[in-house]
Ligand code: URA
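Single chain ahead, written as structure tokens, the form predicted on its own.
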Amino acid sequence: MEDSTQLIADVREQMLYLQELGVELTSAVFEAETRNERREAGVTRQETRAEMPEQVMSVIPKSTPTLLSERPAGSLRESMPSLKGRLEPRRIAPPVAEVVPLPPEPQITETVKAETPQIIEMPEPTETIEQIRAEIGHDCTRCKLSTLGRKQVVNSVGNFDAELMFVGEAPGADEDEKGEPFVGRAGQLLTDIIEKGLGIPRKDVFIGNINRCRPPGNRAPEQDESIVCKPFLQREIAVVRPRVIVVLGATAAQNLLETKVPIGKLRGHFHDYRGTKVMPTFHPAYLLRDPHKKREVWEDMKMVRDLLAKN
């Protein structure tokens, strides 16, 4: 009977050891009442061992001491290796995020005002058109055009108090011959635009060019040539002070407005020149080569006409 009790104690210790290892055991192993019934019925130790689960049998030593009663209860468990500290889950330190220091905030010592674009206003006139012409002279030699075959200086003409002004790029062969701007075929087309389209006598408008001398071969004026001559035109604009300026062609528009935008994108809406409305459109000489563009020019002129009609 003592051997049976010792065996049960040993089995319990084995079960506790297996539980520490995480082995799942059936409740039948710990049913004390069933074991007592087997002892009372005279079930042998070998039979009891044979009915144990394989999980239990695998850890019970095959050979047990003959004198089980001599071993104190609980000694088997004490002889087993301790699992304390071995089965505890490893504690992994969480990753430490890299701390990037923020740049120091800039110290504002004074308020900085945003720069506003400089607005060039139309200067008050201090001279007359006659004085400007006299300063230019009949035989101007300020640029190289004076040595490239021009016959004479072609000054601006028209009403010195006009509300509408037309500006081209430079005189052509006919203009160089007669000494007046826009008198050839292109000039006749411009006259039709002014008188038939806008209903204004040509003599009531003011007409001039960026350059006053004819370039060879009717080429466009070069930059160094325009830089010398354009200020005289700007001074005339300040004297006349028109309400609207129509610039004819890319060269005139880009020079007066100081831009490189193509004429096809400039036309169709007003621009500003020192507080004066500017309408770029195609040059009459271009319309002679491509009459289909006349409709676009007429659309531009209707906008000019409507603006002039306002008080």
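Residue indices: 1-based, along the sequence shown. The structure presented is a predicted model; accordingly, all values stated were derived computationally and were not measured.
Not pictured, yet referred to below: the form predicted in complex with uracil (URA).
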Practice task
Would you please decide whether Ala170 lies within 4.5 angstroms of uracil (URA) in the predicted complex, comparing each non-hydrogen atom pair?
Solution key: yes
Exercise for the section: Give a yes/no on whether Glu175 approaches uracil (URA) to within 4.5 Å in the predicted complex, heavy atoms considered. Expected result: yes
Exercise for the section: Answer yes if any heavy atom of Phe166 is within 4.5 Å of a heavy atom of uracil (URA) in the predicted complex; otherwise answer no. Expected result: no
Handout entry: Interface stretch in the predicted complex with uracil (URA) - options 140-148, 176-184, 125-133, 222-230, non-hydrogen atom within 4.5 Å
Key = 176-184
Fill in the blank from the handout: When uracil (URA) is considered in the predicted complex, the residues of 268-284 having a heavy atom within 4.5 Å of it are His283
